[in-house]
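Given as structure tokens, the chain that follows is alone and in the form predicted alone.
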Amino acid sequence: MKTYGHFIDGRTVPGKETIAVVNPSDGTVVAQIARGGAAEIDAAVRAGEAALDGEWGRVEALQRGRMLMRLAALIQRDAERLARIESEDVGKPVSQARTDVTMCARYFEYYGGAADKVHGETIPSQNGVSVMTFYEPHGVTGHIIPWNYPLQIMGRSVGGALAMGNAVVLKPAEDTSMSSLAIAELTLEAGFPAGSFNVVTGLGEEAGAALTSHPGIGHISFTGSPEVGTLVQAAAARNTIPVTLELGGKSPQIVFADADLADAGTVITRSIVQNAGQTCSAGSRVLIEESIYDRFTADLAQRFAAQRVGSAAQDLDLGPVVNAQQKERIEGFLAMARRDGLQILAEGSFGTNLPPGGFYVKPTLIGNVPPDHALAQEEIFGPVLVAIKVRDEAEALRVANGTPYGLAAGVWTADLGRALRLSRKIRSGQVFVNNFGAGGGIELPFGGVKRSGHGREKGFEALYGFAALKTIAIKHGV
């Protein structure tokens, strides 16, 4: 059994204590990772500061971009190895893990191409004074990523920070750290100087808390729950540093009678069962115009009934959820639905020969859910879709905006006027019309409003969040 250390200042640092890595497919322990805390975080931050004062701080934007491009190529070279690591660690079907590897490489490729294209400007001012602006790195940036898409979210967070010349300290989720450590090793082969990319593994309340409160951190990027996001923001506030928070969602998909219902059914089903429903932007509520409610839910029910759950290696439609706690949480919501008399319209099925001890949950479609019910308000983070009947556009908008979240939304209609009206009025960071998710959307700024957080990752917009704007005014006379 392999034991993983931290990756600090370009080398592996063994941990004094370790945390068991559990395979979600069968519940067995497959590895151990180091359990870091304040001392390891401090060492990583100091390594980042030294890198900025040394070789990494002298690397030009063009060269940073080329390093990121090389890293992308190395990830593609090792794609199958990384996919196997991710599949075993997270429990997702190996074909989905392969997609995650491709997307991770694409993030580094995208930000590699963007690294030397972030320009300041000149500002007209008084006569005899020239004013220029520059984007400069924050310094050492802290990144805390969740367990659902470790490779993808690491790429989208770290890629932009490195492109802007920051040194990085990454704290992956304790359930899923192995792929981040594998990428860290590849940064050396790609030519990144020691200390530019550091990984400290451990528990959120230990390593994560130490990272968010460290006075040497200049910016925090966090993806996770609203409750922990509040703690992260409070810790960052004590050091007066900016934060980017992506805190999940309860994303609505609104389906009108004039929509392409077959296309909508395919995409809506996929958007909630993908990654066993463990996706921040999953379309977990479907709001259906009442004239087609029965017909469309019948179609969705057939699709859900066809979904099969298996181990990661079996590579079926869904794998297990990440751990026993997550399985218990989802089953608690399903028990609530039955207790409250909600309609269970369809369930998927377990595949044959499931390994004992795995964390398996059937995808479930629940009908006629009141908009204020807990299943329609809270993020379940599992393969559970709730169907809600709406009378018209006005009620659809009211229900869509009727949760504390605002991360993503979908509108399905042939009336583009209605689509645009709703897109502008829905309180959400992203709105998709007659599609959802945009195939990963690396180029599309991503983030939320309300309880879903603030700040943006993905796309060119993310680069500005990983930099501080400096203004220089030079008086030279006329």
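Because the structure is predicted, anything quoted here is derived from the model rather than measured. We number the residues from 1 along the sequence you see.
Absent from the display: the form predicted together with a small molecule. The rest refers to it.
Contact label in the predicted complex: residue 89 to the small molecule, heavy atom within 4.5 Å: It does not: once the small molecule is placed as it appears in the predicted complex, residue 89 has no heavy atom within 4.5 Å of it.
In the predicted complex, residue 257 touching the small molecule (heavy atom, 4.5 Å): Close contact is absent here: in the predicted complex, residue 257 is far from the small molecule, nothing within 4.5 Å, heavy atoms only.
Non-hydrogen atom contact residue 296 with the small molecule in the predicted complex at 4.5 angstroms: Judged by the heavy-atom cut-off of 4.5 Å, residue 296 is well away from the small molecule in the predicted complex.
Partner proximity in the predicted complex: residue 83 to the small molecule, non-hydrogen atom cutoff 4.5 Å: Contact check for residue 83: no, nothing within 4.5 Å of the small molecule in the predicted complex.
The unique member of 186, 292, 194, 209 whose heavy atoms fall within 4.5 Å of the small molecule in the predicted complex: Of the candidates 186, 292, 194, 209, 209 is the one lying within 4.5 Å of the small molecule in the predicted complex.
Option touching the small molecule, based on a heavy atom within 4.5 Å in the predicted complex, out of 361, 388, 268, 407: Of the listed residues, the single hit is 407.
Answer range among 311-319, 240-248, 343-351, 130-138 for contact with the small molecule, defined in the predicted complex as heavy atoms within 4.5 Å: Only one stretch passes the 4.5 Å heavy-atom test: 240-248.
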